[in-house]
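For reference, the chain that follows is the form predicted on its own, supplied as structure tokens.
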């Protein structure tokens, strides 16, 4: 930034802040609270972003650029003020400008609520991709839902997770730009009238109830500020104040109820589907979101002067982020057939060439299936179209395999035998997309061989791998500024836009001066996290101890339970065997459990009960601490990740698609203990097997055990005294004497089935943890491994991932 341009930007920013103090807040300086200063600065920054967004759009129009639309039910954006200042390159300028007025910029960062637009890795990946597309000057836009409350705010009471509303928009977000003029109308319910006109079957969807999607744009600034894109988020509104027919019939209350139900669609993320009403709401939410998105995409296509809808695939790329947006395929077909009047073959060719699908899971419960009766009730026209797609798929497959092949049933979109008939959304996504990608090398292989071997047999050219990545701007430059400054001083700032340049750091890995600075930075980050933990839990963590962290969604396959069994084992060694750990440990666990997930919520309770006992036992003082940090979110992750010494990535091999937390931790110098699952394998290959701690059964070994039916968890219990001791301590009420039976299910579950192979991997986990303690005691060796993790993590930038999508799937021109 030149001196003249910097001065002009400073003057412009200062003037905009003063403008919003006076005309947006309508206050004088003396009346301002800290929240007011945050709002004024955010609104001033938004003005700068709007200018660049308009310039970006004009530049893309002049280039006649192909647009990418990323459809995701989650966008875990986090906070925007700090990130936008950073990407525009004016954070220090703003800090100085405010300091001259007696205002601490850091305090304003803490005034911002995390945007409650997602839950975990799926949503954070989407946010990283938006950052990378803008930083790489790509015309990439997100579509999602403007949740009023998001998932939930997690509180812990008496050790239990308690869900509270996350009212992140209680104070209107300055980052959301309402676009009421761009509202989209989406039909639901009704019935199909069958009609033949001019010898052609033309069904009509009648008696629909319209929903209105009101969009707001959340601006996404690329690094350097040249490109500003946006994610368009829709809030649901009833089409009119009331349904006038119901109102005129005298049923005023019912009219109001319908309005309330309509607007419930955008209240929360993932409404519980354990009851019929919740299941219907969830389906309507997914359809509402894609219905608005597809209509808006086609409207934008027309506005750009594109006359022939057959050109859509050359002008537009639609990426489905997991199965949630799969109804976009049926919706695009509906519009092409019913509103554009295309024949089936032409409509299908356009749809298939435009849409691409990213699969994120192999877990059966996460592969959505919708009952035929529910689809018939909510979106009858779409079910018609899905039935036709299924029929044509079966017909095509029969020409390849024969009419009697058992593969026809396995590939079918509609499963007529499950619960009265269900639609397999993953199958619809795969048949309707020209590209099907997994998100790590192992996962992509398992998609081809385990999840969808028949689809791969039919269309092998559609399948590809795109290993996930994370944005280094957010997860290193912003989250760990002292380490970022050290890297820039040593190797230059090229790594901010080309993470592979970190490789130069290897040349300094043995430098004692670097070791000292690296250690000091990690220590400062640990002190910062310890302060946060003390504020939240009134628990003191020793920054000299090994910070052993697992932070992710609570799920049995992610095996927080395995980590907890290891903690109990270490505790028993101290208090019963009088064997102190080689190095003191601070175990830090964070994550949310789905509200209806009984086992995951009881795992949180068990973690807190173990923490209560360990932290209050005088015999473990200075040796062991356990902290469950509530309400895990982006801003909390930005404190936890830079402070971690050890990153726990211990999912059952073959169950985690990729993971992105593993990348963020390694990027910040944490060493990984992990199974050969997801992207752990590629991280091992990148950082070197000597710089990561791998343990446990492989995906192939687990598959073989499962197929043979040879796995008998009780054998491990009887043969390994360590397992027996730990499970008995938990089951016999040691960690909750007033309710001694509460955790008996842990032993019963693990001895009965142990679906996630916790006992099979326990011994290897314990032995690997002991090796980790010995390594951590050798601080020079540990620090060298940490530095090499940072130096060799370049492949895991979302910039690399997005470039691969652009080249192989979206076919964007340079």
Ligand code: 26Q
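Please read all numbers here as calculations on a predicted model, not as lab measurements. Residue numbers count along the first chain shown, from 1.
Not on display, but discussed next: the form predicted in complex with the named molecule.
Out of the listed residues 133, 439, 379, 221, 439 is the one that sits within 4.5 Å of the named molecule in the model of the complex by at least one heavy atom. Only one of 82, 645, 296, 74 comes within 4.5 Å of the named molecule in the model of the complex through a heavy atom, and that residue is 74. Heavy atoms of residue 659 reach within 4.5 Å of the named molecule in the model of the complex, making it an interface residue.
Under a 4.5 angstroms non-hydrogen atom cutoff, the named molecule in the model of the complex lacks residue 479 among its neighbouring residues.
In the model of the complex, the named molecule stays beyond 4.5 Å of every heavy atom belonging to residue 654. In the model of the complex, the named molecule lies within 4.5 Å of some heavy atom of residue 121.
The stretch that touches the named molecule in the model of the complex, counting heavy atoms within 4.5 Å, is 264 to 272, out of 209 to 217, 329 to 337, 83 to 91, 264 to 272. Scanning 458 to 483 for heavy atoms within 4.5 Å of the named molecule in the model of the complex gives just one residue, 468.
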